[in-house]
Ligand code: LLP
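One chain is shown next in structure tokens, namely the form predicted on its own.
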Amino acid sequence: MNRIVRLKEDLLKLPTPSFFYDLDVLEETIDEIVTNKQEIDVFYSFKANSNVEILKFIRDKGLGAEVVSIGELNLALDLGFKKIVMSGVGKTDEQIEKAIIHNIDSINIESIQEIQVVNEIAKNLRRKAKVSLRINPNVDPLTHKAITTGLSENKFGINFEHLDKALDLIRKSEYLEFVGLHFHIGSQITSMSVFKNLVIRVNEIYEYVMERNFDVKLLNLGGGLGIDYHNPDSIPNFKSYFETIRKFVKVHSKICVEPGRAVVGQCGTLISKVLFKKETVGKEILIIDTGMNHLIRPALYEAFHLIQNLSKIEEKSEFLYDVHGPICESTDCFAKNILLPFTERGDYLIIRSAGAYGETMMSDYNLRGKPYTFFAYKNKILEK
């Protein structure tokens, strides 16, 4: 029986559309991380979900923060995260300045020009900036092209052929403190062989940098671990993930990772209600009260999310439906030809595995408003 059934009667009383977060699932997920990570540091990637209550929960469990904007940096500082690293291909001067002033663990630099800019800002502040170089390892993550970030043609990171120039610039600067290397090749990676290939390539780059008399204190392998969207009651295989890293990494530096989706993806559900049911070209279409403005992944790159009829979740799924949102775009479609129980106006549909890249990617398109937000902990809906 899936996890959400135990809260069915309470969930059917909630207004729609709503993001619902099960903190029991989040706690179980983080406990698995803590149990298996051993000496590896974990920085949670804010981009996956920056809901303040979620972040407080993650902070209290001892994870660090990985941020990519001044908004995320401000939030991490305000919430008192003890360890912070900052990535992002387009950092603003204000963002860099704040990171230097607060002496965060690492500014992950992504271009030659960024080295020069960070150095100039640090010089003006008369402070040292802790920096890592984000190197593009050109490792195929075997994931969707829209969430691939580590190939030579991607906009992220410094390509290997520019590494010597980057190192020379850092060596000549008295305001940059080199702390390590950073890598991130993509998102929603489900094959451990990809992480194996990444680590093998990282070992080579590590040796190359060490041979040039740079002390790599921090080796950041990025994020990317995926979740099983077809089985939203499952938790990612953190045991295999961390074992793969430890087995193949051949360095003596502190290792860290930056998971986002793998931490929060399965704890979130988008709850909606069927507004209308209509037939067209022999198909039955369900129009629901949430759309691509609340969860854009299906419209953006045809991502799969399991959809269930919460109102009739015990009944057999034997009717074919297309599920569309109310937004004025033909791409506002969550699924086609999916099996559900007999579904009618007023039924509650739930879109699972919506804890990552749901709230953080919302828009005001059509001015339909934001969803409500609810949480459960210890199998009880929390009062707002």
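Predicted model only: the values in this text are computed from it and were never measured. Throughout, we count residues from 1 along the sequence that is shown.
Not on display, but discussed next: the form predicted in complex with this ligand.
Engineer: Considering this ligand in the model of the complex, which of Leu181, Ala129, Leu286, Leu225 comes within 4.5 Å of it through any heavy atom?
Structural biologist: Residue within 4.5 Å of the partner: Leu225.
Engineer: Counting only heavy atoms and a 4.5 Å cutoff, which of 117 to 125, 255 to 263, 172 to 180, 157 to 165 contacts this ligand in the model of the complex?
Structural biologist: That would be stretch 255 to 263.
Engineer: I'd like to check something about Arg134: if you look in the model of the complex, is any of its heavy atoms closer than or equal to 4.5 Å to a heavy atom of this ligand?
Structural biologist: Yes, Arg134 is a contact residue.
Engineer: How about Tyr348 - does it come within 4.5 Å of this ligand in the model of the complex, if we only consider non-hydrogen atoms?
Structural biologist: Tyr348: no, not in contact with this ligand in the model of the complex.
Engineer: So in the model of the complex, does any heavy atom of Lys91 sit within 4.5 Å of this ligand?
Structural biologist: Contact with this ligand, no.
Engineer: Does this ligand come within 4.5 Å of any heavy atom of His324 in the model of the complex?
Structural biologist: It does not: once this ligand is placed as it appears in the model of the complex, His324 has no heavy atom within 4.5 Å of it.
Engineer: Are there residues in 44 to 75 with a heavy atom within 4.5 Å of this ligand in the model of the complex, and which are they, in order?
Structural biologist: Result: Ser45, Lys47, Glu66.
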